[in-house]
Each structure stands twice: as structure tokens, then as C-alpha cells.
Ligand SMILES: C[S@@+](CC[C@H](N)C(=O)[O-])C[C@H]1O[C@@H](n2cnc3c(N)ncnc32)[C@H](O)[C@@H]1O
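Take a look at this single chain, the form predicted on its own, given in C-alpha cells.
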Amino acid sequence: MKPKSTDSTRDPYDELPYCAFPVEWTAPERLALASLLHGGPRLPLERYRVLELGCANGANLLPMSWYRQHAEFTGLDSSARQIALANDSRDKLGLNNLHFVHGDFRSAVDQLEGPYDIIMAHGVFSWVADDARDAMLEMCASLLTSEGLLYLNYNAHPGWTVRGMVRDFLLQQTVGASSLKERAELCREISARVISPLKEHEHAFTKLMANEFTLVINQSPEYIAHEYLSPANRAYWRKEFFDVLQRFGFSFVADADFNSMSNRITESYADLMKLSDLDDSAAGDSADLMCYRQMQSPVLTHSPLTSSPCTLEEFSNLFIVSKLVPVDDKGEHPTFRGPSGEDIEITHHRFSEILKGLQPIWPRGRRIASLFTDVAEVRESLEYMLSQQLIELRCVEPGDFNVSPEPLNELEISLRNISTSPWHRMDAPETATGPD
């Protein structure tokens, strides 16, 4: 039984547009860094072309193209209403390097002027039927340059399983609603009713369920409609995902958020996997199980991938960024406070002096080669600090793009009450930072 709707064929994104936001790790420099550090293709960051599939209202591409006017950007979406919103924002900013196309994966290839150095699809892979997914991958295979990067993300098993059960429950409970928005609002009401009895129990499963229903209560109707009420929303095991991608000639390069907490394999987990003698072909599935990952964001390229490790020269030319704050330099080794409030003792004198110098200029950074006389000696330590999110590394410094953020941020605040920095981060409006 379908929900009562005046037009069952209407695109749900036309009926209730999804309010998209910038996705930090889709920034071209971030994708280029992930590929470089994991032996993948080197992106031509001086000039490149980007295609975003499922671009929605353009919220991800607008700041990307605003600050990176040396590159070209194209967005594709099947919702005419979303494309109209995106075009209106683009015109208000006067962007000549950004274009939006209305169409679907089966019909839009002739409207797109490939090839593209980067193709990205955030929030698409799990949210379309298999035939549309395959059409998208065929499009990507034909439009991506030979050394280009493909960014995808998907809902991951087993972490998404509980959310999937909540979705199934809400689909059944709201089937009689007269519109998509009413149905989404009803999801919040129902979640509020069921959460109280769940919280009375100490069982781990009921706690997980309570957390998921709390998420529903705190989300907007637009988010609920397309995350919980979408006709298609499928989770994949990691091996299953890569089996699909291999059919279309793609190889894994790296995870876009490779050093995030959710993608970090602790030593205890790694040891457990070795002791358990788990199947290497499903090692990613094992890691997803142990880390309770709910979403993955892999970067891929055309097969076959010939790995080319990052050279010392390439590593030396990267920028290092840190906002570690010195809190105590009276002891034998200075102590710094990390982003999460943890205290870190730095035993290397030169390291501590460099970190003290980097913190005041954050979010900008400095080239590694300008700070260390022997980069080979400190490379392993820097890579470890990157893996723990104690520092950032960058291929280029977006703060040097020399584009004022003000017109973009004024528009973003009026539309979504957010502002995006040159580093493709969403900031509170009062803290948006542009070039000096």
C-alpha cells in the first residue's frame, strides 16, 4: 500500500527538496591528498574538471566553485526544483565556472561535456535502485579521465542495520499520510512516543534503538523523508560494494575520510583480527563489524591501479596544519591540547617548536620542507600524527586562492544559516574565515 499522494510519479525531491550541505572530504584537495598518500593517481590541481552526481540544491558545489575559480564544476540532479534552486544561487554569485544539468543517469550523458578529473556522488549509491545505480556507474566509467578519481559513499553493513530496522518500522507506521512532509512529521511524532519505553531498559539493543529514534526526532522533515522514507535505501557490506564496482572497471584507492575516528583500526582490533584468522578477502567487512561503521566514503579509479607510493619530494611539498594548543611547557616535555580536549606530550623538541608556531596561523599551514631540514627523519612521525588527527596535511593551501568569502557566505547564511570557508568546512557564520 502506497501513501496517499496526489501524484505517485512525482519526484520526491521535487515534492520535498532535500537541504544539502557542503561535504568537507569531497574538496578536490582532500581527495587528491587521500590518493597521493595511498599510491593513487595524482590530480592536476592547477586546473581540473569536477562532476557531482545528485548535486541537489548545489550546496556542495557552490562554495567549491566559488573559491576554486581555476577549475570547472558541473552538477547533475533529477529534480527540476533542486536544479532551479541551484541555478538561482549560481546566478546570484555570478559563477561562470559552474553549470547545473537536469536529468537522470540514463539520459544525461549526452548533456555532459566530459571527461572529468573528479566525479563525486555523495548520498546517491545506497539511495537508488540497482538499475539506476548501474546506469550511474556506466556513466562514471565513460566520463572519468584515465587518471581521474571517483568518490562515492554508501550506507554500510552491519552498522546501518539498526537504522534500517527503524526505517522499515517508520515506513509501515506512516503509510496512510497524505503527503511526504506530513509523513516525515509523523515519523518524529511516532519516534517520540516509542523512545520513552525504550529508555527504561538497559539492554544494549534497546539503547541502540533509542539512539536511532532520538536521531529521527532531531532531524528535519526533509532529512527524514529521504533517509527513512525513500523508496530505495540499501546498505552494503564492503566486499559486496567493491564487487559491484569491479564489474564496472574500478579499483579502490583510499577512503576519503581515511584518518577519521570511524575509519581508524585500533591496535586491539587489528590484533583481534589476526588472532581470529579472519578471511583476508573480507577484512573490510570484519573491520566494519568491529568498528560499528554506518557509512563509508571510498575513492576509486579506473582498473588496473598501479600503485605509486608518495615520494619523499612529494611528501616534503605538502603543507602541515595544526591547531594543537600549548598548555604546559614547564615539564621535561611540552604538553599540547588536542581538538577533542585530550592532552598530548610532545617529546621531540623541534616538533614542539613547530607546533607552537603553527597554532596561531591555523587554519593555514606551512610547507613541510620549510620546517624540517631532514623530512625523511620525521616522515613516519608526521604520518602517525595525521592518522590520529593531531595534524592535517594538504596538497595545496586553499587560503591562498585569494577569493573573498563574503558574497558566498552572505548567500549561504540567508539560505541555510551556514557559511563555508576556503577549506570547504562549514563554520558558524560569525567564525567564517577567508584569506588575509
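Owing to the predicted nature of the structure, the values given are computational and were not obtained by experimental measurement. So that there is no doubt, residue numbering starts at 1 and follows the sequence shown.
Keep in mind that the form predicted in complex with this ligand is not shown, yet the notes after this line are about it.
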Quiz item: Which one, Gln296, Gln82, Ser191, Thr74, lies within 4.5 Å of this ligand in the model of the complex by heavy atoms?
Solution: Gln82
Quiz item: Which of Pro28, Gly40, Pro63, Gly54 has a heavy atom within 4.5 Å of this ligand in the model of the complex?
Solution: Gly54
Quiz item: Is this ligand in the model of the complex near all of Tyr116, Phe250 and Phe252, within 4.5 Å of a heavy atom of each?
Solution: no
Self-check item: Interface stretch in the model of the complex with this ligand - options 124-132, 173-181, 201-209, 92-100, non-hydrogen atom within 4.5 Å
Solution: 124-132
Quiz item: Looking at the partner-bound form in the model of the complex, is Ser78 within 4.5 Å of this ligand by any heavy atom?
Solution: yes
Self-check item: Phe336: touches this ligand in the model of the complex, heavy atom cutoff 4.5 angstroms
Solution: no
Self-check item: Touches this ligand in the model of the complex: Phe105 (any heavy atom, 4.5 Å)
Solution: yes
